[in-house]
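Here we start with a single chain on its own, the form predicted alone, put down as structure tokens.
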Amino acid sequence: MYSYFIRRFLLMIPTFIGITFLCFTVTRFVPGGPVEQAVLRYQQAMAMGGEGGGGTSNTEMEQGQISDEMMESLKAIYGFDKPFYIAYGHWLWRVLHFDLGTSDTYSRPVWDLIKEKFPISIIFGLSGFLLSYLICIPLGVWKAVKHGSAFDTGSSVLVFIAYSIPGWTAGVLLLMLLGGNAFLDIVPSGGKESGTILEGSKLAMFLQKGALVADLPEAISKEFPKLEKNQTINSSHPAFKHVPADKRFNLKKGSHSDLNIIGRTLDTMWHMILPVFCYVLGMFASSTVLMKNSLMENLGQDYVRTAFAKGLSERVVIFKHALRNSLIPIATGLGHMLSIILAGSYLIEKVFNINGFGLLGYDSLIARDYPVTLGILVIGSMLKLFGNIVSDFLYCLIDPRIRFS
């Protein structure tokens, strides 16, 4: 078994090189890259600058033309001055040294951008993944036990309808119905937290105590030079403890950061309702069908018939014997939990304006920000490759009949 996993780890190297080389080559030849966009911005700026002048001399008509020297400089800036195979070698060498480059759009290291967005997508993706398992396993078991009944038929119709609707499409419809745009105003229209807590809202009761910066002692104000005199701070700010007790008051409005821990938790959960539902919609349908079919297959095995012949009750046979073996196909999918932050998150995060890993990849792809796009490709590829190995390991661990020798 050890030799099998060693081979799998070694095979990750050519697989990773193949994936990244193909995608890197595409970025070199696809039209509308960063060089073309820089040229277009220059020509638009020159055209706008020439609108105020009069006349149509040849010199003015030549405005916006890019010289060969300027074009070569732009190619050098964006790394397009070398053949693609040499550029790929340089890029791969930097990746091996954990350097993903600098974003053309944000002018920041790609690693910093990814580290900021990663936790947000993990919270939403992991919540949807776990919730889908909590739904699909009991539902699949009940459908197998009640196979052919009205419940099985009706739930199958709902499951396949859910399977046929992409999560992001359902998100658009639910936002229209429940987000206050057309009918009801029950859930937020997007984001991961409230930007403003209005006076009299349901979250206003969870606002912390606050104080004006002007009421701070002069010596303390000098320690926090970024604070303005008319600014309000909450009780979580380190300077708040220096405010006199008679100057403190209950905040009537504020932002997400002004809420106490209970309020912040409720606010985040409120914003997670629709996105997590859309994550679950795209995952639980196939898992439910897999759970049902796996349990029904095991219920037809000889060891189950033998257990019934010994006089064991249906509950004991199903939940003690058949269910354990039926969970093997479901449990092996846990290995792909590593890459769940990427599965369907691009469009779902775009619809709900969740500033996470998926939205970063979507915006970077649209803006032709290739350092960020390739950085996300590196993370996604490694998660997927490691997830496949973890799935094989779980399969071997759960089912003693499987050996990779």
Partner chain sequence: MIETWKKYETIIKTLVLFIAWPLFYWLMPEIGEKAIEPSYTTEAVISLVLAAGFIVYILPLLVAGADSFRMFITSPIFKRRWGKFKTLKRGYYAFILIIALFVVSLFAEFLINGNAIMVKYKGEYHFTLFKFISARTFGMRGYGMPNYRMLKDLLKVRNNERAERVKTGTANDEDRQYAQWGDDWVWLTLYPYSPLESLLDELPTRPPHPPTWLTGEWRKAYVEESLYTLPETLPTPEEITSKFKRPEWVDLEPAQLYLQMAHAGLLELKPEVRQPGTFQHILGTDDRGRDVFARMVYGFRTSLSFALLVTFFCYLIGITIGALLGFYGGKFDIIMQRFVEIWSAMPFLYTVMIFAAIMIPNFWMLVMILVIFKWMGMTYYIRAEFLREKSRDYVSAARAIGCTDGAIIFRHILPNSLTPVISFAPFAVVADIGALVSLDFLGFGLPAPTPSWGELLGQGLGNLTKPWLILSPMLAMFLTLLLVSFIGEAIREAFDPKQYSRLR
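Numbering follows the first chain given and starts at 1. From a predicted model like this one, the values you see are computed outputs, not experimental measurements.
One more form of this protein exists, namely the form predicted together with the partner chain; it is left out here, but the text below deals with it.
Residue contact with the partner chain in the model of the complex: residue 277 places no heavy atom within 4.5 Å of it. Though the partner is left out of this view, residue 111 does not reach within 4.5 Å of the partner chain in the model of the complex, counting heavy atoms only. For residue 42, no non-hydrogen atom is located within 4.5 Å of the partner chain in the model of the complex, even though that partner is not displayed. Of the heavy atoms in residue 35, none are within 4.5 Å of the partner chain in the model of the complex. At a distance of at most 4.5 angstroms from the partner chain in the model of the complex, all three residues 351, 366 and 376 contribute at least one non-hydrogen atom.
Out of the listed residues 293, 234, 201, 221, 293 is the one that sits within 4.5 Å of the partner chain in the model of the complex by at least one heavy atom. Checked against the partner chain in the model of the complex, the candidates 299, 251, 243, 136 yield a single residue with a heavy atom inside 4.5 Å, and that residue is 299. Only one of 99-107, 71-79, 223-231, 299-307 places residue heavy atoms within 4.5 angstroms of the partner chain in the model of the complex, namely 299-307. Shown without its partner, the chain has 8, 11, 14, 15, 19, 22, 23, 26, 27 in segment 5-29 as residues with a non-hydrogen atom within 4.5 angstroms of the partner chain in the model of the complex.
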